[in-house]
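Only one chain is shown below, in structure tokens, and it's the form predicted alone.
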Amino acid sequence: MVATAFPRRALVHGAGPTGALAALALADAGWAVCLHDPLQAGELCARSRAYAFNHSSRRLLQRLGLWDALAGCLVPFTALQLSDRVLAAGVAFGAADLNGASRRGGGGAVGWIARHAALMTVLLQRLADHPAVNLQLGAAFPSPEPPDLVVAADGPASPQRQALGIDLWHHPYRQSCLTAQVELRGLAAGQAWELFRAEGPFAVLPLGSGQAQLVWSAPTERCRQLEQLSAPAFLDRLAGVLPAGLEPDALLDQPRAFPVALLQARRLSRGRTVLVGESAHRCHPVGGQGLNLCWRDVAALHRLALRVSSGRLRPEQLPRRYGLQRWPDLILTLLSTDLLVRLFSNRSPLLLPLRRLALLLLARWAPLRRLCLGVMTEGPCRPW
């Protein structure tokens, strides 16, 4: 932690994974932080879902001294199978396709999966133990002295963003996303899948012990129907979608469907307030980019907060600098996920040759695989 006689004060709205990490990042940079959320700790942890973490998130967690604390709840995967089910063609990504720094720093893992409850338990405990953090959960909003910085990390419906009058670019997809946790027979340790199907992408993320998180994109009406099926009927439908060699044995939670959309705030700051995470942007879940993009917001905030603490940046300059730094990554990531959905979620005869060529080049040319995996695991703006 950076020592300073007169710590700057920050107020963070929202104690989900992104808001909690933003509070820890600011505290690490030498700021006094008040973190507020109307939900209690138990409510914040009570979500049955899992997240995919890439190397950009690993680097941030290591910088904040959280990587070892989270090691027990992270399930690594060392192989990612990309498959076009319409063309019956695919590409396998592995540790050899990572750059040297990622391969060494991540122990050869392409990425990691963590359950929401386990992740939030660690983050909230670290927040409760940190002397620079004032944790205000499940209580009326406190009225502290005016902070030097306000961080809005209160989700896609962000009351803070709305209060500031910041508008959105919003594009709803003709798909919804259904998530479920299942027990699978034939699930190899360390194997993840991203299947491109005409109705939408379908991901299988390993949770360890033969369990997996499913992220199933499909037309909204189909997702609603799947959500309402009995467990045996759901598993029957799932059996026809899974990769060859996998068979569903048990449904571990209630499938939940939610609409997906491309969302981007028209500005990332106003006055002393910065928008972080889904209060500022949201993308299609294809490729597992959502939380990693949010945490790259936190990484930028951490770097700038350190500059303020060291006297190299005036605090009133931080919000504008944050916006300037984040726009390139946000635009490229949102456009690339949108392009993947448009290109692969169809049977258009005009696009099939292009898809076949792309998969052929990826399969045969290792530098192109390294480039694509670098974009997926480090973000589009990092030199791999």
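Note that the structure is a prediction, hence the values are computed from the model and not measured. All residue numbers refer to positions in the sequence shown, first residue = 1.
The discussion below concerns the form predicted in complex with a small molecule, not included here.
Contact with the small molecule in the predicted bound form, judged by any heavy atom within 4.5 Å, is made by just one of L318, L359, L66, L44: L44. This chain lacks the partner; the member of V110, L275, C223, C294 within 4.5 angstroms of the small molecule in the predicted bound form by a non-hydrogen atom is C294. Only one segment in the set 71 to 79, 167 to 175, 276 to 284, 123 to 131 has any non-hydrogen atom within 4.5 angstroms of the small molecule in the predicted bound form, and it is 276 to 284. Using a 4.5 angstroms threshold between heavy atoms, G16 counts as touching the small molecule in the predicted bound form.
Interface membership of L39, defined by any non-hydrogen atom within 4.5 Å of the small molecule in the predicted bound form, is confirmed. With a 4.5 Å cutoff on heavy atoms, R49 counts as touching the small molecule in the predicted bound form.
Residue contact check for D154: one or more of its heavy atoms lie within 4.5 Å of the small molecule in the predicted bound form.
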